[in-house]
Every structure is written in structure tokens, then in C-alpha cells.
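In C-alpha cells, the next block holds one chain alone, the form predicted on its own.
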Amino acid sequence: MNKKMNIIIGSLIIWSIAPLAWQLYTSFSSPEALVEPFSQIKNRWTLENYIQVLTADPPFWKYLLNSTIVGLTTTFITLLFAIPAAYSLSKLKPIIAKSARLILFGAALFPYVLLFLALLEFARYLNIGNNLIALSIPYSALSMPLAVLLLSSAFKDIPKDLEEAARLEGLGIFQRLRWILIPLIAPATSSTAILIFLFSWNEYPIALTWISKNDLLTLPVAIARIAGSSVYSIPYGAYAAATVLGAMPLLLIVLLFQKQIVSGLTQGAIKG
């Protein structure tokens, strides 16, 4: 049984890592090596793909900075409203709270691409296109349902006696949130923040329509606009190099905060 389980786990790991390994291989491969990956080619390895990406105009770091600004702003705005909303949801009567959670769950699962045209008209009406901070508004709205659901579960798991003791000590609602409740849900807040950041970092359709200036493009849109030497040439190596460079900050975040992510996502899953 253990041997079969190890084989299954090993197969799943290989299945997950194989696309990443191939993308890394592609980013260092010459065009000839990609056409004939298993043949003997003299100039198989090259840094030309990374040079092409890093020497582009605007520079690649500009796109990384744009995505970082959008991600951090979206995360801040979402948590600013999601934390009090989640606390309020955790204090509702069970029947009302259950109905509210079902609505939020449906909103979280709703395919936001269907809102594409409505959001575009919204941007045109308010004239907020080509603005990285404004781009965070729809991102925050789309991230809000999932954030409220995750954080409300964390608030619900806090012992009621603890908050009651703080109330008896004379702490108001904002003081209880600031000094007691928010620190207690720090793991859930961290994992929620990372999920929000990842969504805003990878989002493509809205960024494609809201941003048209080259120096304000976010990373996914910038990568999609990498062009080959002709209309018949697809720069697979440059695409791979750009995705590897773009994934490095996300991998670093996950590695640094993996304990908080696991703790936050599993908080409340086991009781007793």
C-alpha cells in the first residue's frame, strides 16, 4: 500500500514539475534545439532569450514594477474592506450568515470574464484607463468574496470568551480588532493576502483593455506582446524566458511565506 502511494505521489510531483522544467529548458534553448530537442545540436544552450527580454524597450523590470504596484494596491484595498466585513459576517445569526456565505461563494465562483464589457464601459465612463491604481478597483472587487469567506472562517474560530474578556476590559470594537482579533487571524490574513496578490499579478483580460500605454503594461500583457522577427515566427524562447523571470517573484513569496499559507488555508479545518 505504501509503495503504491509513493508511486502515486511521485507521479503527481513529476506531473506538476514537468511543465515548469520544460519551460526552464525552453528559456535556455536555441530555436534549433526546440525544433529538434533530442538531436545533436552544437549551439543548444543560449542566453539570447533572456537578453532579448531584458534589453527590450520599455525594460522588463518596468513590467515587474507595474504588476507589483497593482498587486500591493489590490491587496491593501481588499483587506481594508474584507477584514471588517468578515468580522461582521462572523457575528450574524447562523441562518443569515449561511445565506450570506452562499451568496459570497457564488460570487467567488462567478466567471469574471463575463463582466469584461461592463468593466470596460465603467473605465471609459470614469476616464480611469491607463491608471495602475484604478486597475486595482475591479481587482479588489473580484477578490472581495473569497477574501471575506476565508477571513470570516478565521474570525469564527476565535473563542468568544476571549473577545468577551476584552469587551469587559473596556476595549471598543476597533481596539479589539486592532490589538486582539487581527493578530489572532494573522495566518489567515497572510494566506488571503497572497492569494489576492497572485490573482492581480496573473490577471490578463481586464489589464489588456484598461491599459494601453506600453510603459504601464502589467506583466501578463507585456509577455503576450512579445513579437518574433516576422509574423510567421513565434519566439518560444523569449516567451519562456519572460515567464521564468515573471514567476521568480511569486516563487520567492511562496517560499518565504509557505508556513503562513498552509496555516491560513487549514485554519479551522481541524478542531478539538
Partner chain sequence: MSLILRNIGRKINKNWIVRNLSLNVSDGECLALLGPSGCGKSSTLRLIAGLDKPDEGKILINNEDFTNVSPVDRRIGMVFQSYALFPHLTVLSNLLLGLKVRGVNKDEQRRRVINVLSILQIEDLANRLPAHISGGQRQRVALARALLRDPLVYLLDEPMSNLDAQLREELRPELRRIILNGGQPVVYVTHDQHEAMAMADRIAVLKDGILEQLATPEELYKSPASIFVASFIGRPQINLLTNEPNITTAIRPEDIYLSKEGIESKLIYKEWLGNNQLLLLETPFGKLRVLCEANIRISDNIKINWSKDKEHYFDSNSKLRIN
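Residue numbers count along the first chain shown, from 1. Given the structure is predicted, the values throughout are model-derived calculations rather than measurements.
The next section is about a form of this same protein that is not shown, the form predicted in complex with the partner chain.
Although the partner is absent here, A165 is a contact residue: one of its heavy atoms lies within 4.5 angstroms of the partner chain in the model of the complex. In the model of the complex, at least one heavy atom of L184 sits within 4.5 Å of a heavy atom of the partner chain. Although the partner is absent here, P94 lies well away from the partner chain in the model of the complex, with no heavy atom inside 4.5 Å. Contact check for I180: a heavy atom falls within 4.5 Å of the partner chain in the model of the complex.
Contact with the partner chain in the model of the complex, judged by any heavy atom within 4.5 Å, is made by just one of Q175, N131, S190, S99: Q175.
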